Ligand SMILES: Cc1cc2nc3c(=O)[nH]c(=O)nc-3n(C[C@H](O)[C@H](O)[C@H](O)COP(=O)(O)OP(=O)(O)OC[C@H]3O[C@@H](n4cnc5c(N)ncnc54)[C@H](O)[C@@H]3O)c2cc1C
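First, one chain by itself: the form predicted on its own, in structure tokens.
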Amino acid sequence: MQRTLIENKNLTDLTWFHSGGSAKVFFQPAHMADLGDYLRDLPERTPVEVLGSGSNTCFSRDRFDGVLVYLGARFGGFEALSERTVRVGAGALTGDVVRKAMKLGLDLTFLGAVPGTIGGAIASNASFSGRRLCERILRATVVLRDGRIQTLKRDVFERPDRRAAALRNAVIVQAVLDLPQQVPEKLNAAWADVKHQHEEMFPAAPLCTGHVFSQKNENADEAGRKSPKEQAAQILSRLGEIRLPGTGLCLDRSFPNIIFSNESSDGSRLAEFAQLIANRCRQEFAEDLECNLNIVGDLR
């Protein structure tokens, strides 16, 4: 398998929001060593971004003047290492990983309610119903900006500040997860419940983002039961429907943590709308929300 290297790649169809834009260089490595070699040889000043499934990444209409790393299915492996541990590629879709784990009698069902790839789920410590992915990580392999390959141990993922520092200027390529065993009947029931909740929380819409906001300061009464994204959704549901004048952007009461549009919209408009929503929550409810949108490019 050879690397894919494309100049001036149009990115419209690679993000859920079809936000447009292009990348000076689109790079899909053949394997981990190829990624390391490529990053090592890049000039230090060249910006690098990583794109997963594109659920919460948007680009400005202008060209991203750097390298966009896309792992995709080439990094989507899944391998059982022992009775409780599996190695998973960062490019694997979360839903696919959940189903493969279930076949081994392993419970990762909560992740089925989190759209995207394993790499993105690790970076954001994806959570649902009080369970968090980083609690299940034994170790993860990353490729650093200078091309070196590094293994991050469990303790790195136990604290958000350590995780953020370790993943800065690094590309996650795979992780080893330690998962609880469960009987098939309970796994199937948990999976059905998660799918039902996912359908209620996440629509099948062509132009939408992922779960945009998180509650900055988790409510102690909710801690362990609802994730920061779920807590944000409860706050946002109190706002009702909001629209950004002159655009198709809106926040829907039925899916309160997701931004919709009836037309393609660029990163600058999304950033403006997200700020409007956060300001409203601060003014009306004294609640601080953190925006999870990764908006790439010059938004001037």
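These figures come from a predicted structure and were not determined experimentally. Numbering starts at 1 and runs along the sequence shown.
In what follows, reference is made to the form predicted in complex with the ligand, a form of this protein that is not presented.
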Are any of the heavy atoms in Ser53 no more than 4.5 Å from a heavy atom of the ligand in the model of the complex?
-> yes
Is Gly76 a contact residue for the ligand in the model of the complex, using a 4.5 Å heavy atom cut-off?
-> no
Indicate whether Gln28 is a 4.5 Å heavy atom neighbour of the ligand in the model of the complex.
-> no
According to a 4.5 angstroms non-hydrogen atom cut-off, is His198 in contact with the ligand in the model of the complex?
-> yes
In contact with the ligand in the model of the complex (heavy atoms, 4.5 Å), from 96-104, 77-85, 152-160, 121-129, is stretch 121-129
Heavy atom within 4.5 Å of the ligand in the model of the complex - residue from Ile258, Leu270, Leu39, Leu236 = Ile258
Heavy atom contacts to the ligand in the model of the complex at 4.5 Å, residues of 165-196 in sequence order = Ala170, Val171, Ile172
